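Just the one chain here, the form predicted on its own, laid out as structure tokens.
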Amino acid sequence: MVSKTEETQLNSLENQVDNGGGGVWEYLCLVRKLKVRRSEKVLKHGLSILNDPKKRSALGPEEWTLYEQVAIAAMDCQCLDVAKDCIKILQKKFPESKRVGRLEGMLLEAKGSWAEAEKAYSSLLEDNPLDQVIQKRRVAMAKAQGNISGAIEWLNKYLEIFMADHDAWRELAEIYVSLQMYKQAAFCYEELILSQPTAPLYHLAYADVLYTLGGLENLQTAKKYYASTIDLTGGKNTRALLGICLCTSAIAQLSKGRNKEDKESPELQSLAATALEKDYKQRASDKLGLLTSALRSLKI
């Protein structure tokens, strides 16, 4: 994930380059380092170097890295002829390269030649079954074809090998949520929380899934994770504050007629409601009436 400082640095350098202030190579290196997709800019500025023999030769061995970067950007922009030319140059330089082989497969994807791309990837995986990039390309290819069940299958197979890949767990969780497969999504978020316990995003997403599942136990757990989200964000997460209020109301409805010991203290929801009202007063005073009405309907 790109930090605010890094994003500011990137945008500043991009603006400098766009206005002819130099720093094209530094910009392209930073885009690559941060792993962001600025495909149109990369294509434009990358070609400005590759099409100038003097600038290109000044790069030394980095020339081939730029060819790869421009090829991927060209595929993103559907400039397939440019991508094809870059890949041909790389093939000539590195005839047996698996890395170039991946680019060939990606070009077949970009053309919509799914069967040929799958054949190319399968061949590469025979030589190296642990190639993460190709494993992920299979997931992307399934999603591009609208084959969501296939994407789930490939992601699960991928995670059997690369269990520490947070992005893959998150992607799988989001697919499950989109299919209303909330129990499976909850499992994915549990894995993410175990590996990154201080990331509030995963606590919040897990709480949302549990709240959606419903039931007293799930709601009580959801409330705890909304509370942990508030704790991790210094009390500044509006969604989590509202989640506390919603969980409290739902738990109260399900706890009617139970022993007093089963009922929860009203202190937390009272604090959450107060914090919400304060937040709305500062940032959306025109919506404060709506919030007050909503909280009143929850009997908070």
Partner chain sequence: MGLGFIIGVFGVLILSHAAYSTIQYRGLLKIMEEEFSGPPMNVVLELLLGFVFCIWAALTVPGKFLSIHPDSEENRIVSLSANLDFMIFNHRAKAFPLEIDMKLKH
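Positions refer to the first chain, counted from 1. Predicted model only: the values in this text are computed from it and were never measured.
Keep in mind the form predicted in complex with its partner chain is missing from the figure; the text below concerns it.
Student: Does every residue of E153, M181 and F187 put a non-hydrogen atom within 4.5 angstroms of its partner chain in the predicted bound form?
Tutor: Negative, none of the three is within 4.5 Å.
Student: Only one of V100, M75, A117, V209 has a non-hydrogen atom within 4.5 angstroms of its partner chain in the predicted bound form; which is it?
Tutor: The residue from V100, M75, A117, V209 that makes the contact is M75.
Student: Within 4.5 Å, heavy atoms only: does D131 come near its partner chain in the predicted bound form?
Tutor: No, D131 sits far enough from its partner chain in the predicted bound form that none of its heavy atoms falls within 4.5 Å.
Student: Look up in the predicted bound form whether R56 has a non-hydrogen atom within 4.5 angstroms of its partner chain, and give yes or no.
Tutor: Close contact exists here: in the predicted bound form, R56 approaches its partner chain to within 4.5 Å, heavy atoms only.
Student: Any of the heavy atoms of C86 lying within 4.5 Å of its partner chain in the predicted bound form?
Tutor: Because a heavy atom of C86 falls inside 4.5 Å of its partner chain in the predicted bound form, the answer is yes.
Student: Using 4.5 Å between non-hydrogen atoms, is A294 touching its partner chain in the predicted bound form?
Tutor: A294 lies outside the contact set for its partner chain.
Student: Can you check 22-30, 44-52, 239-247, 266-274 and let me know which stretch has heavy atoms within 4.5 Å of its partner chain in the predicted bound form?
Tutor: Partner-contacting stretch among the options: 44-52.
Student: Looking at its partner chain in the predicted bound form, which residues in 132-148 have at least one heavy atom within 4.5 Å of it?
Tutor: Heavy-atom contacts to its partner chain in the predicted bound form: K136, R137, V139, A140, K143, A144.
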